[in-house]
Structure formats: structure tokens, C-alpha cells
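Coming up is one lone chain in C-alpha cells, specifically the form predicted alone.
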């Protein structure tokens, strides 16, 4: 299946108040940012794809799906989009709950425009780092998928610290065969040693947590 085309980085404003959407649209565009406006959580989630880029500015209290509901759904989708939540005055418990559900920040309404822009810029920087890390993870997974069953066995024993002769004895194959498999494995991952390979795969395991 062909992956969806990567979209332009944008600030996704999700708020059911048209006046606030228009105000935030002007605010972000005045700072040179691309903006997409969504009148409800349902509309935003219906358009969401894994290729969507940017940062979300999300109102907590909306008709229909609440902001917390949207956060729950984004977590289920394993979305990489950072979310800055807008809460009403005195909604501290809701704000804390939103952070537990994956929001990266929250601000109380009425928000200071400059502060909101700064939080969103930080969110965009975080999303860029997440995107790079996710791309690296996908590349490693694709390389893992190219290994033959025997290469996978050899790699696992390499990562356990076994020498070529030990691997050959363990698998009941010639040491020269192990050397060939080892060379192919290192070539596929673009590394020069089992230690470097272990580091790459450790990064992959951390990304999966």
C-alpha cells in the first residue's frame, strides 16, 4: 500500500467557536504559520491521517466530542501531533487530566497571543523531532524485514555477544557461513560492528515504548 503523501506543517485549530477560530487564524498567520481550522473534534478526526503534520490547538469544552475525547482518540491513533489545550478559567483539574492524556501544554482562556504562539512554536519543534525519530524507526523496521530467518538467528546471537565460532557451533553451520551472514547483516543496517547495530536496535526498542 502506498503511504499517504506528507502534508504541509500547519497549526490545527480545533474549536467550535467561530470567533475564536477566526482570531487564532489571524494570530498564527500574522506570524507566518500555515493554519487549518476545524469546527469540531469530529471534523478534525475525520480528516486526520498519519501523514498530518504540525501542532494542534484544542479547546477542551466543545459541543459533541470534548477536547479530552479528542485526546483519547489521538492516543489510540498513535498520533505524533503535539496538542496545546485551551481551557476555561478555573479548569485546572481538566487541564491536569489533559496532560495525562497526552497534551504537551495548556493555557487558560483568555489566552495571551504571544504566549500561545510561543507554546505552539515549541510544539512544532517537538513534532519535527518526533517526525525524524519516527522516520528512523520505520527505516530500521524495513531493514529488519529484509533479514532472512537465518540472518535473524545470526543477528540475535551477535547481539548476545557470541563470536563467529560460537554462533557456528550453536546453529550447526560453518563459520564461513556465519561470516557471510554477519557481513550481510551489517551491510543491511549500514553499520560496521555488532556494537553499533545493538545501539541502533536499542533506539528502536525505546521508540516502541
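Just so it is clear, the structure is predicted and the values come from calculations on it, not from any experiment. Residue numbers count along the first chain shown, from 1.
Separately, the form predicted together with the DNA exists; it is not shown, and the next lines address it.
Checklist entry - Which one, 29-37, 46-54, 65-73, 161-169, holds residues whose non-hydrogen atoms are within 4.5 Å of the DNA in the model of the complex? => result Of the stretches listed, the one contacting the partner is 161-169.
Next on the checklist: Taking the DNA as it sits in the model of the complex, is residue 173 in contact with it (heavy atom to heavy atom, 4.5 Å or less)?
Outcome noted: Yes, residue 173 is a contact residue.
Next on the checklist: Please tell me whether any heavy atom belonging to residue 184 falls inside 4.5 Å of a heavy atom of the DNA, as the geometry stands in the model of the complex.
Outcome noted: Judged by the heavy-atom cut-off of 4.5 Å, residue 184 is in contact with the DNA in the model of the complex.
Next on the checklist: Since only the chain is shown here, I'm wondering whether residue 179 would be in contact with the DNA in the model of the complex (any heavy atom pair within 4.5 Å).
Outcome noted: Yes, residue 179 is a contact residue.
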